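One chain follows as structure tokens, the form predicted alone.
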Amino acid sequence: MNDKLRVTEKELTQEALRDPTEALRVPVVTPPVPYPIETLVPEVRQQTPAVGQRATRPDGRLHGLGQTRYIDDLTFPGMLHAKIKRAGIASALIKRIDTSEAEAMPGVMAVLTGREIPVNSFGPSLQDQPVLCDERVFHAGDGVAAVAAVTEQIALEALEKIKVEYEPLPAVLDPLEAMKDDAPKVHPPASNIYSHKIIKKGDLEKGFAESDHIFEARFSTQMVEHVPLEPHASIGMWDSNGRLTVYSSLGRITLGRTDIARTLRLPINRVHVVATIVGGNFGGKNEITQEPVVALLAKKTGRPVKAVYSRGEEFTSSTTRHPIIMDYKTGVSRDGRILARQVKLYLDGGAYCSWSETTLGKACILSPGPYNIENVEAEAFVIYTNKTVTGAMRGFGAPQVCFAYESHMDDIAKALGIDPLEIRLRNAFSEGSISPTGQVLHSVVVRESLERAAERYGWQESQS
């Protein structure tokens, strides 16, 4: 080893003081640093130092002053505005689309139909949704053509000039009717039931046989729209090297980028998706909608193209929360302990799959509720109907089943003359409880949470 490498840090420092230029020539000696091998984690259920402290959001000042730039605040030189013509019919074959009058209008720069889309299908699990329908429409909010014009008003007027000839088909709007063998098929020849899940634990029949009382009830929830203040919006533009940039209000831009590349048959490295500040999502902006449309219109015109949903389109053409029909059958002992529970869920999936498979699984797993039940059977179906698409929304199926099993618990408590809080405390999960799927639960505070909430609310006083 070179002698100079054996010198100590003290000797190097003294040498550098005598001749400052020497410090540029000698090797750096770094004393060894012991790294901690123990990982420090917060104690279970204990607050971290940040909880309860005042904190300033980095974006709070801009929001408060109204200076945040959302996607509709963005503009680019020569930018056009796009609008999409909606089908307005639940189920039909498309016999003919005539765009000639729209194309001849002053100010209209391009018109797009589904036949021009390289791969006219997308979806996060099943690719069953067309970007623009070209042969058949599956619900009233389906897009059938798009226009790019110099103003939004001209684009809207051009939509009225597009003539679409339909051959109406039987539509199915009720998920229970759609399950029947003779029901019209939304995506023929496939069954309207496109996903199914079942969970079993214990011996259901034995549990019901041992029960002193059996209660049955049906609950249902409605379709819910997210209604973010900012509607879906996107801007597409191409550079001179044939690379696409899309500004989008999507919450999941990596998934969106994959779908855009697939529908346009582009290498993914030629697609750049810019996530703008999102003015509300709640799960409703998890997949592409009009991004391929603005991209293709921008390519046809050679100019940036922006599209923003109207509030009406938010309701008809974006995803909503799943309506679910929920059948509950519960066997209990005289003192209100649940011995068996059977659940059947029927999810209205709308016209396309979207995130229905994920929602189905979560709803089915959570449907028995946070209760110790030895004998459980939960079965769930998701069904196509000719209605607005249902997809991701905060909770993914949990709010619907929570409404059902807690309403069911209230009904059981009332029938048995037991306090609604008490019947929950008798059955609630505790540390080490086993879920219907066999998961051993840890850090469980259901009882503690109920008791604390009841104390703060003054539950006992309210019941006297």
Partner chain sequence: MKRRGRGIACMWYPIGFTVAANPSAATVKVNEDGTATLLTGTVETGQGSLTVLAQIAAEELGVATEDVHVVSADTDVTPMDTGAIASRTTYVTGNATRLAAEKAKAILFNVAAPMLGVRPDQLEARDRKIQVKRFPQRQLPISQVAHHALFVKGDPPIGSASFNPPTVAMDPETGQGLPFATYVYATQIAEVDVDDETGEVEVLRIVASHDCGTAINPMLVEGQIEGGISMGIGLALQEEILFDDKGRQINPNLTNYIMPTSLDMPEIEVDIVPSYDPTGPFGAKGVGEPTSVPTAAAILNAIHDAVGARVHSLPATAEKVLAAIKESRVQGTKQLPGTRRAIAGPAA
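Note that the structure is a prediction, hence the values are computed from the model and not measured. Positions refer to the first chain, counted from 1.
Absent from the display: the form predicted in complex with its partner chain. The rest refers to it.
*Asks:* Answer with one of 121, 372, 191, 222: the residue that has a non-hydrogen atom within 4.5 Å of its partner chain in the model of the complex.
*Replies:* That would be 222.
*Asks:* Mind checking whether each of 80, 114 and 352 has a heavy atom within 4.5 Å of its partner chain in the model of the complex?
*Replies:* No, none of 80, 114 and 352 comes within 4.5 Å of its partner chain in the model of the complex.
*Asks:* For the interface check, one of 206-214, 174-182, 277-285, 336-344 should have non-hydrogen atoms within 4.5 Å of its partner chain in the model of the complex; which one?
*Replies:* It is 277-285 that comes within 4.5 Å of the partner.
*Asks:* Closest heavy atom of residue 321 to its partner chain in the model of the complex, within 4.5 Å or not?
*Replies:* Residue 321: contacts its partner chain in the model of the complex.
*Asks:* When the contact criterion is heavy atoms within 4.5 Å, does residue 299 count as touching its partner chain in the model of the complex?
*Replies:* Flag for residue 299 set to no.
*Asks:* Spell out, yes or no, whether the shortest heavy atom distance between residue 362 and its partner chain in the model of the complex is within 4.5 Å.
*Replies:* Residue 362: yes, in contact with its partner chain in the model of the complex.
*Asks:* Residue 265: heavy atom within 4.5 Å of its partner chain in the model of the complex?
*Replies:* The answer is no: residue 265 has no heavy atom within 4.5 Å of its partner chain.
*Asks:* So which residues in 409-446, when you check its partner chain in the model of the complex, have a heavy atom no farther than 4.5 Å from it?
*Replies:* Heavy-atom contacts to its partner chain in the model of the complex: 410, 411, 414, 419, 420, 421, 424, 429, 435, 436, 437, 438, 439, 441, 442, 443, 444, 445, 446.
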